[in-house]
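Below you will find one chain, with nothing else, as structure tokens; this is the form predicted on its own, and questions on how it binds or moves follow later.
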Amino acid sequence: MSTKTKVFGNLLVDVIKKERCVGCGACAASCPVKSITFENGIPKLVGLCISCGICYNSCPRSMFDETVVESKIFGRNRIEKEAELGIVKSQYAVKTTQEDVGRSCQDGGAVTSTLIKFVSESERCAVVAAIDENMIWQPKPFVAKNRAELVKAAGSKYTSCPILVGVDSAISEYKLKEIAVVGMPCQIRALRRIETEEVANSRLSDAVNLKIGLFCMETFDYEDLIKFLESEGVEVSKITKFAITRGQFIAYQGEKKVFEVKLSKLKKLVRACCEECKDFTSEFADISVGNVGSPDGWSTVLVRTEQGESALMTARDAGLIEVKRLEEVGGVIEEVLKLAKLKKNKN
């Protein structure tokens, strides 16, 4: 007996109306007739639905069988000691050797520096979250094709961005054939679902050959975050960097710290969709990166695949990054494990 194809209407009922949508952009990017767009961070059907089911099959929240996807991507399933972090080949502390990257980036600059090497070859780009120049601190998907564009887009935004819409743009508008994507755990899962589903838009999975995942406990609603900061007297338009360190949310103007608050004070700003996510370390990425577990000025990098190892070591060999074993710089993987376990238990 055949199963009825689930279409955008099902996505609307099962995911969007239940506030489970993560805003990754997978449905819009995958739609073969471009009938889905984003309005205020929410997918909307604006054209004819041809009932292909690709949008539903691309969504990381309509369904995601971790065991099946993990086996297809990594060739095996995690064992008991990998329960919290997922499959990890190696773990490092990484720091950029580039002064301009160090000034602009978050933590050790591992992501930006690795991408600089990646895009140095022709017909390559990186899809990252940049700031919309027409909005105050609102992220937008951006196709970075060179070093300057990557440095400009560096840094964490802490609100959602339909990053897969940028992947579609890189393929459709820029005609690029090799793409690196930087995403949160939910966005990486969307890419992997597209890669492993039988009914999916293969043009996306064929083009994306490096997935860099970021550590993420939760993200904030954009409008709520801006309103909160303004209510605290923060001139958001003058902020140059946000950071989360040791349980504190911090805003900077240049090198000056102008606002600091405990993360617990921001709980009411967390997006509803984050409450069901159990993935702290982007378990399905090629490499996963965060600041937890490494000293200040370094990034913790978990390598999961051969593609990830190759990209990291190619950047190292080019002199763009310094790579050490985590314990060499006083890193503590137990700190990562602690937060990963906390997120799984909490959600």
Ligand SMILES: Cc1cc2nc3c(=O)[nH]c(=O)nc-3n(C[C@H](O)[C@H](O)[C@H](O)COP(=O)(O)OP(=O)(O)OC[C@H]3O[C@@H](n4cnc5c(N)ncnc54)[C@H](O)[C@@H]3O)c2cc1C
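From 1 onward, residues are counted along the sequence shown. Because the structure is a prediction, the values reported are computed rather than measured.
Keep in mind that the form predicted in complex with the ligand is not shown, yet the notes after this line are about it.
- Taking the partner from the other structure, the ligand in the predicted bound form has a heavy atom within 4.5 Å of a heavy atom of Lys157.
- Using a 4.5 Å cutoff between non-hydrogen atoms, Gly308 does not count as a contact of the ligand in the predicted bound form.
- When contacts are judged by a 4.5 Å heavy atom cut-off, Tyr222 does not count as touching the ligand in the predicted bound form.
- The closest heavy atom approach of Leu269 to the ligand in the predicted bound form falls outside 4.5 Å.
- Only one of 158-166, 250-258, 229-237, 85-93 places residue heavy atoms within 4.5 angstroms of the ligand in the predicted bound form, namely 158-166.
- This chain lacks the partner; the member of Ala153, Val143, Ile73, Val119 within 4.5 angstroms of the ligand in the predicted bound form by a non-hydrogen atom is Ala153.
- Within 4.5 Å of the ligand in the predicted bound form, a heavy atom is found for all three of Cys105, Ala110 and Val289.
- Contacts between stretch 182-216 and the ligand, counted in the predicted bound form as any heavy atom lying within 4.5 Å, involve Val182, Gly183, Met184, Gln187, Leu214, Phe215, Cys216, listed in sequence order.
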